[in-house]
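In the structure tokens that follow, the same protein chain appears in two forms, which are kept apart as structure 1 and structure 2.
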Structure 1
Amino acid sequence: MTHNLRADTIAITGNDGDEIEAYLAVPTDVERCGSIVVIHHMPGYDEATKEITRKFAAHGYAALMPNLYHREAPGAAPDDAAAVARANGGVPDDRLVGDVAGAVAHLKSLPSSNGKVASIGYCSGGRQSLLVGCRLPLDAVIDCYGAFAVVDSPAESPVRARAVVGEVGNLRGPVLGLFGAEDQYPSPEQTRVLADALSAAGKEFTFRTFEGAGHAFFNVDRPSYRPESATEGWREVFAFLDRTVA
């Protein structure tokens, strides 16, 4: 079934006590529910990721997407804000963790919260979802084709992302990873390295690598969209949330 929902742009307290913009979608016909923080991709706090946020509410979860580029360009169009963030070197990891911690606190303060919170991120957000799972007390983590989880991004680029694999021993909840077999960042070999690290750390995880799919196969408005992989991926996501935070 799908739920009735309400979606609003709100302000939350992020890293260092900063007030940042966020998009909140909540089911309105449930008394208690689990929650999820949605981490947007590098192109930003955009319409497509807001639609994803609402989809979680329609499936019975309170979902909150912080605008990770709010400080760079408050009130700007998402693509303009993303351009500023990139030119400034991207989102620092510590600031990201602080912003997601603020989102988690906000979700837990909702009257409908059952106290459990997951994270999900796409593309650059996939790595960031894994990172926050290592540094915050999250009950579950979903990584959708996050690059640079096991290797650092190119050293010569001013936009940096450092590998997260060394921190996976700190994960407190299970991990769901969804990847494309034709993706090179992360490549199937890199996801195997991540899986080996999770196994070595004794962490519970489920990885699915979809044949015929590359990067960003969930993006319905982009040529990378692969309907069969995305449909099956969404089924995996909701089955995972049902057993971890519902």
Structure 2
Amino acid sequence: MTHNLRADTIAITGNDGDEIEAYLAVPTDVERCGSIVVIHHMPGYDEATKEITRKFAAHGYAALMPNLYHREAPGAAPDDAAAVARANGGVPDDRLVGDVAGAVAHLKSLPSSNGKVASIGYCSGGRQSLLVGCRLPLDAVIDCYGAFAVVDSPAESPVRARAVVGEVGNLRGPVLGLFGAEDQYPSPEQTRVLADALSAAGKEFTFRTFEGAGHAFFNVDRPSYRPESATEGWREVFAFLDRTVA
């Protein structure tokens, strides 16, 4: 079923009480629904990720994407804001967690909220989705090809990111991981390390690795897009959400 929806640019309270920009999409023909925080990829708060946010609302979930680069470049084009963020080494983890906590609070305050919230992230956002799942009481976590979850970013990388794998024992909800067999960030070997850590911690998780897909295979506006893998990946996402937060 495709739901009617409304999408708006709003302001939410983020880390340290800062007011930041966010994109909210909600179904308008439901009384109660689950919610999801959408964590954008390194290229930023862009049209492709806003389309993803609306897709969740069309499937009956309230979805909110905070602009993680709002402080660095308020009102800037996504590419320009992402360039500033990269130059600064990326989004600090503590600030990211605070901004997502603000997004969770906003979603739970909606009249339609059933009190359950998941997170999803792509690329750098995949790692960040796993991170917030370890540090916030989320009901479910989706990691789409998150780099540097089990290894720190290399010294030459413009982004400073530390491995999250050591925190997975703190996860409250189940994890869905969607990966490409031809990706190197993360590589299939790194994905197996993460799976082993989740197993050792006794956590519920489901991982899918798609043959013929590399990094960013969900990205409809990039050469990396793989329609068959993305379509199957979306089926996995909505089946997972139906089971955990609907």
Partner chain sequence: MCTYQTETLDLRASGKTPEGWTSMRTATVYFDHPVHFAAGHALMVDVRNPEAGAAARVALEMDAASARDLAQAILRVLSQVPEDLLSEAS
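Each residue is numbered by where it sits in the sequence of structure 1, with counting from 1. Predicted model only: the values in this text are computed from it and were never measured. If you superpose the two forms and keep the largest set of C-alpha atoms that fall within 1.5 Å, you have the rigid core. Only residues modelled in both forms are compared.
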Taken from the structure described, the form predicted on its own is structure 2
Core-superposed, runs of 3+ residues with CA shift of 2 Å or more between the two structures span 155-159
